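What follows is one chain in structure tokens, specifically the form predicted on its own.
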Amino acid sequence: MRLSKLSVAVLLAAMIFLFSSGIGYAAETADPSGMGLSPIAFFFVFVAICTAIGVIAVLGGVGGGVVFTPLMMGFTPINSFIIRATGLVVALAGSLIAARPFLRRGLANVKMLFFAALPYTIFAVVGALLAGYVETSAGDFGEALIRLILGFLVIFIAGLILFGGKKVEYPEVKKVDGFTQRLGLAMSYWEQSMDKVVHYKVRRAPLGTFLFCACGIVSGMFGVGAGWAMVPVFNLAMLAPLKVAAASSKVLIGIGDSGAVWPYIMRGGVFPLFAVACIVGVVIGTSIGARLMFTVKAQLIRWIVILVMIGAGVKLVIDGFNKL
């Protein structure tokens, strides 16, 4: 409990610092959002918007970044580079909140995290660098291309949610390849629902390495987080139990995106007032959503998330073609 209170105090102190610096920066710039709002109004408007995003994302079973980035790019005049940078910050904040209980309970496989963190982080940084290159070198064509690809990607993710890709709660691993065996990725955790310790093995680490590279590129370049992709990699490609896959994916986002956000920061993509408002809103929304999970029909929210993502994806595709 003491650690939890200390963490909250540190987070609040950081937010107060960023908020104060953000107000000063916003006051010196000529309405960077293009929305005609004062800094204070801007802050509270986006706290409210991101609170709603946080609630919907939790109830819909997706990460906040997957909903945040396409919505902001499709329906606000804010620069897309800033939105993608903030999407990474939002995904990072959500991951850091979830990491502690997942690691403490042993759900997140630390050995797999060490293995996956290197390819995912390196290619997330590469993706972020590519985003910066497109922003500065490709002009309107690059912006149109980003919107088109992100639009199709978001529609694809909505399709995955709609048709519910195959998931295996406890995959059966009959044989482990030599490379994975040498890595020693097998672990165990306490499964409270069965009141016993679950021992498990994983396999196909080489395939996992390639897929984590792809996840990193997508996350770093588009700022959507990659939990939607990494859970199937852990669960279906490497055959980790579903709970372990979900927990490890959430923690891995915090590791990889903390590196990917730096190219955005160095290019001025993280606007403090916007980033802090979105973090506060998503954290509040996530907390509210977690409480509502027991009373609200998740199926209805799932359909809302699907429709919102398809709508945002279609809007991005239309905007991309118009810019071309």
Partner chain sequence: MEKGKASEVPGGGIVYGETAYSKEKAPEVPIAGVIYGEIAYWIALLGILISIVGIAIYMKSGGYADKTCLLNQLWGGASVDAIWKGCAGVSKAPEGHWYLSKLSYGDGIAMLGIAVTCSAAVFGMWGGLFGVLRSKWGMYIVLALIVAIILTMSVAGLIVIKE
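Everything numeric in this text was worked out from a predicted model, so none of it was measured. Residue numbers count along the first chain shown, from 1. Rigid core: the largest C-alpha set superposing within 1.5 Å between the two forms.
This protein has a second form, the form predicted together with the partner chain, left out of what is shown; the following refers to that one.
Of the stretches 149-157, 222-230, 169-177, 246-254, only 246-254 has residues with a heavy atom within 4.5 Å of the partner chain in the model of the complex. The shortest heavy atom separation between residue 37 and the partner chain in the model of the complex is within 4.5 Å.
For the chain shown alone, residue 209 is not a contact residue for the partner chain in the model of the complex, no non-hydrogen atom being within 4.5 angstroms. Of the heavy atoms in residue 280, some are within 4.5 Å of the partner chain in the model of the complex. Contact annotation: residue 192 falls outside 4.5 Å of the partner chain in the model of the complex, judged by heavy atom distances. Just one of 144, 214, 236, 122 comes within 4.5 Å of the partner chain in the model of the complex, counting any heavy atom, and that one is 122.
Residues of 228-242 include none with a non-hydrogen atom no more than 4.5 angstroms from the partner chain in the model of the complex. Core-superposed comparison between the shown form and the other one: CA of residue 139 displaced by 2 Å or more.
With the core held fixed, residue 264 shows a CA shift below 2 Å between the shown form and the other one. When two forms of a protein are overlaid on their rigid core, residues whose CA moves 2 Å or more are considered shifted, and residue 255 is not one of them between the shown form and the other one.
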